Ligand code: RUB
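Below you will find one chain, with nothing else, as structure tokens; this is the form predicted alone, and questions on how it binds or moves follow later.
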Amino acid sequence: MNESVRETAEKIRKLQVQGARNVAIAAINAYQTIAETTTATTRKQFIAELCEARELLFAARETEPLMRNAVRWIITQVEDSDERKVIELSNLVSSSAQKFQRSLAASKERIAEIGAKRIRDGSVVFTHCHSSTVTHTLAKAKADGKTFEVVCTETRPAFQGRITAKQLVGLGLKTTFIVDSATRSFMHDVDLVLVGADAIISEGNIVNKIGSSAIAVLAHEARKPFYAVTELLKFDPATLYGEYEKIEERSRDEVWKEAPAELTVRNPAFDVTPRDLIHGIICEEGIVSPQSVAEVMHRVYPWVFE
């Protein structure tokens, strides 16, 4: 097994790589390294190497359909190719990886352009955890000349909200940082909620950082629009055929390292926000209703279902 793949998988598992987009990019980069360093001498050996890497990366984190879709697409390009020479197949992996990364970058810009239009002068935006796509959307709104504020949660237990807060302050945005349990106290003072997504499932529900669904309930109570800001390629096609999106449960030490041994400590990393609480999914195709996301996926990315 390529050592770069092992290192990448370990970084993903240990949360040294955070955010669905960054995880996908790390996996794509690992495949480019395979292409550059492979010792395979036959097409069969090369494809086996790609598949072995796939299993290792998929096991590193359960709730990462963007990464899984990226890896599947790269491997499919190789499997569908008539090339027999390893050097040509390696070049195909590299070019496919670069193409997928360009597509990701373009979608991020398009999402930010669309999402920024929902932020008005004087708005207060609420966000949770850390999403590079949400942060980019907020940056675009500021670049467009809008003046607004952001409220962001600390996002226990790993405190990813601190990443968001530092980035927003760096952008020159007035930012208020709160503990997760203070959400209801601030919800009536905000104008909209923007969160990322780690997965979109077939019914149009989203999987995101633990606490997102509670925030959606509070936004609904306060009659504030709750948007998921995400690439469509976080859609998990397996859920269309009856599979459940797995919810990763992480180490109890993240919650309380010195907890009594006999105490049960649960640490789910994500939860599911029902589509009825989601005002819209802000994606590269526009703002789509959660109920129609599978239809949009079939139209824009039909290869996901193959």
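What you see is a predicted model; the values in this text were computed from it and never measured. Quick note: we count residues from 1 along the sequence shown, nothing fancier.
There is another form of the same protein, the form predicted in complex with the ligand; it is not shown, and what comes next is about it.
Against the ligand in the model of the complex, the set S131, A197 and F270 is in full contact: each member has a heavy atom within 4.5 Å. Contact with the ligand in the model of the complex, judged by any heavy atom within 4.5 Å, is made by just one of I282, A9, M297, A20: A20.
Shown without its partner, this chain lists N205, T183, S96, Q160 as candidates; in the model of the complex, only Q160 has a non-hydrogen atom within 4.5 angstroms of the ligand. Just one listed stretch, out of 123-131, 165-173, 86-94, 217-225, contacts the ligand in the model of the complex at the 4.5 Å heavy atom level, and that stretch is 123-131. Proximity of R61 to the ligand in the model of the complex falls within the 4.5 Å heavy atom cutoff.
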